[in-house]
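Single chain ahead, written as structure tokens, the form predicted on its own.
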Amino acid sequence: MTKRSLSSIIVLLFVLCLIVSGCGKSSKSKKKEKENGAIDITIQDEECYAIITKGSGNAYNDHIVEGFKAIIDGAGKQTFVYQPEKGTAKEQIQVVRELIANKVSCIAIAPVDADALDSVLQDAIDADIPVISFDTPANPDSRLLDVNESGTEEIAETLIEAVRDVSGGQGYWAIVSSFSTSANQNAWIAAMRELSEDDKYKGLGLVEIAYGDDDYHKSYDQTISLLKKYPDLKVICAPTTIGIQAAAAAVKDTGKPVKVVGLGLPSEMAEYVSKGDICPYIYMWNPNYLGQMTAYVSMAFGNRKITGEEGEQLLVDNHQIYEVRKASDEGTEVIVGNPFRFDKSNIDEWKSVY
């Protein structure tokens, strides 16, 4: 059996699952329910919610899905998860088309390539199926709202400051990113490059941006290539969980005196952070909570409680209020939180959490 045939069978089974479960879109339209001006997005009625990650085999995505399912399942609704085996836009497009045909209540997606997904996501919106993005934004005209883990400027400043800190403010550094088409990675990197023009970063020189496509082996090989190409390299910054794990392993295996910083999961980076010789610290938000917020927002759109307009206030669990704001790409977003630092002092208590 060819890989293409296997992929087709997987998608067919996925679609049959939707049909058998009776996943259809209700014609009901709910009025906004407000408390103190904020819309309660934790109590919902619609039935079928889909989440599409960038790919399988990534613990970060698994934690997002876990949080998403906990909220949807806890509300007694249907959850459909798709994690592309190859991590391609083509796989995501095929599944979105099937979700449109089966009229799910909302589609939450982390686009591998926002431009490639633009047309099919617009088709979903035209079919009256709300589309939101999470982790990485869809284009403004093909999403109603982006559930953003943290602000672009906040992440960029956190990362460039880490590079300055561990390098002593002097030397060459490189980036190991995920996909070259990943909108969030590109936005963070662009903001980092802009910030690096400030005088306090003038001693730093960015030599290259390598792309590991969220694949451990490719990210490892890209790091090895960087280490060979730039013998005076001082820091590698990896704003991706797979990339930072692979980069740290490559530095360890080669014995090069290079520091690694970036975004990582405590469970995957504890061995490096605990020693501190290669990776003094990492940053990350809680991917499980990102999944929970994505679920709450999905249900709110499914029930027509929110529109994703700038200024809307979203109430979660009767105490936390998040405000919809304009994103840098002129679409709208809701910010879940800021990056949290994990170092020797706290990595052990968090490594069993995520």
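Start at 1 with the first residue shown and count on from there. Quick caveat: nothing in here was measured; it's all calculated off a predicted structure.
Absent from the display: the form predicted in complex with a small molecule. The rest refers to it.
Taking S133, S178, S105, Q92 one by one, only a single residue has any non-hydrogen atom within 4.5 Å of the small molecule in the predicted bound form, and it is S178.
In the predicted bound form, at least one heavy atom of W285 sits within 4.5 Å of the small molecule. Shown alone here, Y322 lies farther than 4.5 Å from the small molecule in the predicted bound form, counting heavy atoms only. Within 4.5 Å of any heavy atom of the small molecule in the predicted bound form lies no heavy atom of L117. Taking the partner from the other structure, the small molecule in the predicted bound form has a heavy atom within 4.5 Å of a heavy atom of N184. With the small molecule left out of view, the stretch that reaches within 4.5 Å of it through heavy atoms in the predicted bound form is, among 75-83, 195-203, 93-101, 239-247, 239-247.
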